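As a starting point, one isolated chain is supplied in structure tokens, in the form predicted on its own.
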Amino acid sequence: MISYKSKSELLAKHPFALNFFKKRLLRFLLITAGILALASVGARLVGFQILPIFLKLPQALTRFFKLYLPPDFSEVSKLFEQLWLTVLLAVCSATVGVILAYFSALAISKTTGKIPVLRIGIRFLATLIRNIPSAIWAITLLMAFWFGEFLAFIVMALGTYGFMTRVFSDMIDETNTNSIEALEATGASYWQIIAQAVFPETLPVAVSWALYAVESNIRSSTIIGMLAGGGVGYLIGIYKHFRKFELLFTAVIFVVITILVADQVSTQIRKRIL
């Protein structure tokens, strides 16, 4: 509760408070106007017009319904086979990427990293991998590994490794150092400290992030499959190439259902481990 005296003081200082909020409002309006001006200039430079989007929306929706509906379920067995392959690729690539990322995070973390040269080298490698999109990796590695499931596996594993190395490094940095210092005082070796202090404390969060990596790989497998081959993305690419839009829409429906199921399974597992 605010006392009468404090209210009186607030009212006494009201003009200053009013000026403060006026200045904040003016600053907000100026920033908003600047963003809108930059957006307008950018739209003019690239030739983007928002009005035709709304004017041609009915025509676009009519064309969409004509091309994609009704969905064709004549190749459901093939879709299930490719979806199962997609899930396997996502799980395997996430597993490999997460394991490599965890050991890399141990090397670059401020808490557990003991070799400066190794720390700098691995951090640079993980940053480089993380900042190159998966689509670019798929195109770049296509000539080396050729089109197929193995290339899709490599691309998703690289994406998982780059992202999870950063996440696990921050996670290890935030762990409680009391147990580490206690083990160091008893003369425990480096790997004993990792096994007895760092690993048990970070395991639940690491598993949670590993499940997120699986979800992310399933979501990105469609585009990666179209570029690198393998899984339902490869099938969607074939349907698109041969203009089989009813089959393509069916494949998209199955992908969405798979992602929703994976998200729910991941959520339930997280509830039990966290």
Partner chain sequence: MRVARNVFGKPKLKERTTSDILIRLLVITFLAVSAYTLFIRMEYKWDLFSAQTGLKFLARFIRFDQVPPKMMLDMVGRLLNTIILGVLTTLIGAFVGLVFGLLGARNLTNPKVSNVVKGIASFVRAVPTIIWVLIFVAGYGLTATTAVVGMAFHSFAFFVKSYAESFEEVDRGTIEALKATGANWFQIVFGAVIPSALTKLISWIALRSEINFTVAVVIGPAVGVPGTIGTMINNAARAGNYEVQGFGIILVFITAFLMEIVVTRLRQNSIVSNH
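Positions refer to the first chain, counted from 1. Because the structure is predicted, anything quoted here is derived from the model rather than measured.
There is another form of the same protein, the form predicted together with the partner chain; it is not shown, and what comes next is about it.
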With the partner chain left out here, work out from 114 to 122, 146 to 154, 70 to 78, 185 to 193 which stretch has heavy atoms within 4.5 Å of it in the model of the complex. 146 to 154
Hey, in the model of the complex, is F48 touching the partner chain, heavy atoms inside 4.5 Å? yes
May I ask you to state whether K244 is within 4.5 Å of the partner chain in the model of the complex, using heavy atom distances? no
Quick check on N178: any heavy atom within 4.5 Å of the partner chain in the model of the complex? no
I'd like to know whether I238 contacts the partner chain in the model of the complex, with contact meaning heavy atoms within 4.5 angstroms. no
The partner chain isn't shown here, but in the model of the complex which of L100, A107, L158, V91 has a heavy atom within 4.5 Å of it? V91
Does any residue in 22 to 42 get within 4.5 Å of the partner chain in the model of the complex, counting heavy atoms only, and if so which ones? R24, I35, A39, G42
